[in-house]
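Presented as structure tokens, the chain that follows is alone, the form predicted alone.
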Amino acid sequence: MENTFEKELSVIRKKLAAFGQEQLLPPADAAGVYGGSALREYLGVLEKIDFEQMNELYRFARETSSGGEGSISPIPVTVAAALSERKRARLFAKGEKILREGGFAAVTMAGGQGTRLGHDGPKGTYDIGVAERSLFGIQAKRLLRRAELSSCPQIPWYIMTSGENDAQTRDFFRANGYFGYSEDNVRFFTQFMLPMVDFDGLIVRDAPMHVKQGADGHGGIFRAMHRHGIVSDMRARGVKYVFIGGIDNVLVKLCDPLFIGFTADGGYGAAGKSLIKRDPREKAGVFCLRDGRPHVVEYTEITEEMAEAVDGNGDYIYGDAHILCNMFSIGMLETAGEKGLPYHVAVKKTKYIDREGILREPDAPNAYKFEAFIFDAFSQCGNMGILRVKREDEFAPVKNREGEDSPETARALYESALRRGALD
């Protein structure tokens, strides 16, 4: 075993020493205690870490401010319900034409687990108690239904998983016959992970041979799509517009001809759907302009004054919530994928292995987590369209086991929309 791993260990030792990360070295008896396959897997993880990048992110975390600078102003919004019948029909027809020509694709972000719901498995495999049997089934049905209604080919569907749930997700699709989809039109790709770093700049281990890592945020989807060849595949298919949304909103319209037509007609590099906040402190970021460019202010950064500001009609000035329903031109995806998005820093409390090899549980935050946010791509657009929609028709997230935004509330909203014919 020593001969098998000694060369790899020697390379890893030098690499870790060069970056002052020797605490990540596996135990001397790792192969005997944990097995050769476990050691090989751990060395593979260490080999993939970009230590130069982690050093840069650590320096950024130590130097960064809250990031709240800039002049904030309202952003123009188009209210879908206020469109004339003539304009609505024109935009809808334009979207359907793009669908029939194969110019559209849908992307679902599904890297999370169903842990908060008490579900053992990928969140997309969770069943809220409707006929479609899973969150993936709900989205598949909607995509297939739109293809039928618009007389277009199957809509290419790209699903971003995580290293943790990729295999389970693929198995679930196979077990369910891809929900009636052609395998050629469904493609999976994994999001990237970034190690957590403690306040001294050391990458965190939470087990003798396990690096504590976190998903690089929904904004990491652009890098992932670029590096996994997803955007190239879209280009080859003739795709011009791409919808990106999450798995947990059971009312999400992944393939809304009106939204596609709205984006194309406005010549927007990006477009987003919004809905009016329930109350001033709803936990949702809001669309705005920062220094004249499209932006989303997270609810944690919204001042009391900004949250409660109303116009002459009593409507919230900053009331259009970002619900992670976004459309991008293929060119915008290419730009964001090549450039990447900046990372934001979150301070977290996490268990760690100390220098003596003992697992510690801190009493206070002790590490940095790095995430990119999808809405940072908006500022790269010359112009962006915001389409305000109705909450009851398009937003029913499944986030909590019970209470607000739970399977029970989502099911009720889904069944109500079904009865009203609002799902098509």
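Everything numeric in this text was worked out from a predicted model, so none of it was measured. Here the rigid core means the biggest group of C-alpha atoms that line up within 1.5 Å when the two forms are laid on top of each other. All residue numbers refer to positions in the sequence shown, first residue = 1.
Note that the form predicted together with uridine 5'-triphosphate isn't included here; everything after this is about it.
- Put simply, residue 297 is far from uridine 5'-triphosphate in the predicted bound form: not one heavy atom of it is within 4.5 Å.
- Heavy atoms of residue 160 reach within 4.5 Å of uridine 5'-triphosphate in the predicted bound form, making it an interface residue.
- Mapping the unseen interface onto this chain, residue 191 counts among the residues with a heavy atom inside 4.5 Å of uridine 5'-triphosphate in the predicted bound form.
- Contact check for residue 40: every heavy atom lies farther than 4.5 Å from uridine 5'-triphosphate in the predicted bound form.
- Of the listed positions (146, 218, 212, 277), a single one reaches within 4.5 angstroms of uridine 5'-triphosphate by any non-hydrogen atom in the predicted bound form, namely 218.
- Proximity to uridine 5'-triphosphate in the predicted bound form, defined as a heavy atom within 4.5 Å, singles out one entry of 272, 195, 111, 95, which is 111.
- Comparing 311-319, 259-267, 246-254, 150-158 against uridine 5'-triphosphate in the predicted bound form, the single stretch with non-hydrogen atoms within 4.5 angstroms of it is 246-254.
- Contacts of stretch 384-408 with uridine 5'-triphosphate in the predicted bound form, defined by any heavy atom lying within 4.5 Å, are made by 399 alone.
- Positional change of residue 145 between the shown form and the other one stays under 2 Å at the C-alpha, relative to the superposed core.
- With the core held fixed, the Cα of residue 348 is displaced between the shown form and the other one by 2 Å or more.
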